[in-house]
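There is one chain below, alone, in structure tokens, taken in the form predicted alone.
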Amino acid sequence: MRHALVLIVLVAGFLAVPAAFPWLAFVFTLVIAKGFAALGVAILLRAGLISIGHALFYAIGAYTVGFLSSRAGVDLFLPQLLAAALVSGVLGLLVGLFMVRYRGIFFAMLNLAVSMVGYTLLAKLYSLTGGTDGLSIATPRVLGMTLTREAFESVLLYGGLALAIVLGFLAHRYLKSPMGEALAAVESNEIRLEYLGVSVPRVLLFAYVGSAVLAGVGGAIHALAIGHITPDLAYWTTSGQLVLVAVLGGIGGVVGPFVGALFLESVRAAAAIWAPDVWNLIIGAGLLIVIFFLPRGLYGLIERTGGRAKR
């Protein structure tokens, strides 16, 4: 019940703030995009696996939308979003079949290596990807209707929030299922899990594909929000940022990564106005505080505060 109340308050705030301050709508859309990708990273973190390469799937989702918009002439919002999820999921399956064999630093570095290969291909295949110039994305039609840019941004924000609730609920059910609960067991005692007859590679592959789909959806929303994409989306710093967001928000629940993304983008937006040279310092200090004092992340702090207020 307490979790539901906290979630309702967060959603209400998410609806009210952009309505009161329209210039924040763009920031909140990016929060949703980064939140999806960070949730994918957080799922793998439950198994003790740190992916420093999930920016690849984030970029693949964005470039799928870019190809459909600028090359294939597909200008419908929902098909673009579904295609981004599908392509990211298929690539996640292919890469995951290789990655689930490794643990620890090898898993992290191999993901980083694959991501950088993807970054290089996006930067060098100029005729396909536009190279470092990237691709421009036109405002798509929604259910066959042509909207103004302002109207589409509202659809993207509130439609993205609705999608976050739906996919967040599905991710929550997954994490509470035997397959999801097995992720923590992979980290604590993988061999015992095998003795119980649970296929660890299958557990990890399912998680990896799901995390890739979430990252791809986030990348698609990012691309549609900005209207332009470059290979930097696949760069390792983007992957590091996704891990940072997941840890800041907390990996104990599906809301945590979205809270972490909200903190990151809010600090970045505020620093752009008042302190452009120190936003990295603020984020770094926030990460240190979370590591030392908030093992369940910022969302854990919100939950505890909500519980005390209720008492």
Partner chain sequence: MDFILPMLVDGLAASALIFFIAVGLTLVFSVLRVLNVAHGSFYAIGAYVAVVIGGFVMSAGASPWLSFPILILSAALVAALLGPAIERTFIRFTYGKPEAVQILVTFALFLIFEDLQKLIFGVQAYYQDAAVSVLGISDIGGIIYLNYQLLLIALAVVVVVALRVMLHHTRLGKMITAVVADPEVSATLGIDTRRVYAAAFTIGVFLAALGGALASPNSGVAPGLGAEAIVLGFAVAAIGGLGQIEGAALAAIIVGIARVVAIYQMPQLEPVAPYLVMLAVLLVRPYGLFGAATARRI
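Numbering follows the first chain given and starts at 1. This is a predicted model, so every value here is computed, not measured.
Here the subject shifts to the form predicted together with the partner chain, a form of this protein not shown in this document.
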| property | result |
| --- | --- |
| Segment assignment from 212-220, 113-121, 193-201, 168-176: heavy atom within 4.5 Å of the partner chain in the model of the complex | 113-121 |
| 25, 151 and 259 each touching the partner chain in the model of the complex (heavy atom, 4.5 Å) | no |
| Contact test in the model of the complex: residue 12 vs the partner chain, heavy atoms, 4.5 Å | no |
| Proximity of residue 240 to the partner chain in the model of the complex, heavy atoms at 4.5 Å | yes |
| Close approach of residue 293 to the partner chain in the model of the complex, 4.5 Å, heavy atom | no |
| Heavy atom of residue 281 within 4.5 Å of the partner chain in the model of the complex | yes |
| Interface residue in the model of the complex among 228, 71, 141, 101, criterion: non-hydrogen atom within 4.5 angstroms of the partner chain | 101 |
| Sole residue of 30, 43, 255, 52 within 4.5 Å of the partner chain in the model of the complex, by heavy atom | 52 |
| Contacts with the partner chain in the model of the complex - residues in 210-235 whose heavy atoms fall within 4.5 Å | 235 |
